[in-house]
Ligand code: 48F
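Coming up is one lone chain in structure tokens, specifically the form predicted on its own.
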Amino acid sequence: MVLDEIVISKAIIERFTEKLLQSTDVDVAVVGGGPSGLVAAYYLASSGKKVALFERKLSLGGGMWGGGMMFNEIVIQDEAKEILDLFGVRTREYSEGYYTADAIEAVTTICSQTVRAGATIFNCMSVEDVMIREGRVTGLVINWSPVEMAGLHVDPLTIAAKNVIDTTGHATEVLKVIERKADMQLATPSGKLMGERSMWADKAERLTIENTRQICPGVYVAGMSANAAFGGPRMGPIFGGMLLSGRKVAELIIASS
């Protein structure tokens, strides 16, 4: 067989275009491909929802890739072990209530299972705005991350979504756009973003799950975005709360539909 570069190029363009066209109107748009976003996308897609996930970086997995300070092992607690078990990620008990897993195995396995469950993942795409109709967020305005990084004036495209999940971590990127551009109160005590507090793993892990909820019409918040939105502390390199938050936000959306 003689390989033809044009056939290769056409295959990529046609298949990617097909994937993008099918994702212009979804049940749930997940913004951020860290552990909470991936887990949410997995559970939602597994339930039959049409899901698209947008990650601004080339790679997915968020902070999970690097464990703590690039020691690529992650720690989870008892409550979250069943989620890694579901994905088939191997864990080892370290001491009572603490388990470790290889960060690379965890990220790659969760990514693979999420795609196989039916979620469509787009990397190198950033969300620069939202669509709002009658007081509800109804979609996303997206562009290529390299366009954003280069500061080029290139107009974006839009994605319609019945629900949006902000899982962009510390940055709360979707919520910052809403706060800056929309006349819309967030479901925080102040009605605005509260900001992340300093590290307190035990409290942060509990609050990550408690703060996972709908934060304004059409938008849910999960993972570290939840704590940054509601003024909770950061938790550092323990990832159980992220996994549990992703499952919880999926369950909330499924129950509301």
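Each residue number is its position in the shown sequence, starting from 1. Computed from a predicted model, the values in this text were never measured in an experiment.
Not pictured, yet referred to below: the form predicted together with the ligand.
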- Just give me the single entry in 111, 127, 76, 186 that has a non-hydrogen atom within 4.5 angstroms of the ligand in the predicted bound form. 127
- Non-hydrogen atom within 4.5 angstroms of the ligand in the predicted bound form for each of 35, 168 and 242: yes
- Query: Picking from 209-217, 25-33, 186-194, 44-52, which part of the chain touches the ligand in the predicted bound form when contact means heavy atoms within 4.5 Å?
  - Reply: 25-33
- Message: Using a 4.5 angstroms cut-off on non-hydrogen atoms, would residue 179 count as touching the ligand in the predicted bound form?
- Response: no
- Message: Within 4.5 Å, heavy atoms only: does residue 105 come near the ligand in the predicted bound form?
- Response: no
- Message: Can you tell me if residue 232 lies within 4.5 angstroms of the ligand in the predicted bound form, counting non-hydrogen atoms only?
- Response: no
- Partner contact for residue 228 in the predicted bound form: the ligand, 4.5 angstroms, heavy atom: no
- Quick one: which residues from 56-77 get a non-hydrogen atom within 4.5 Å of the ligand in the predicted bound form? 56, 57, 61, 62, 63, 64
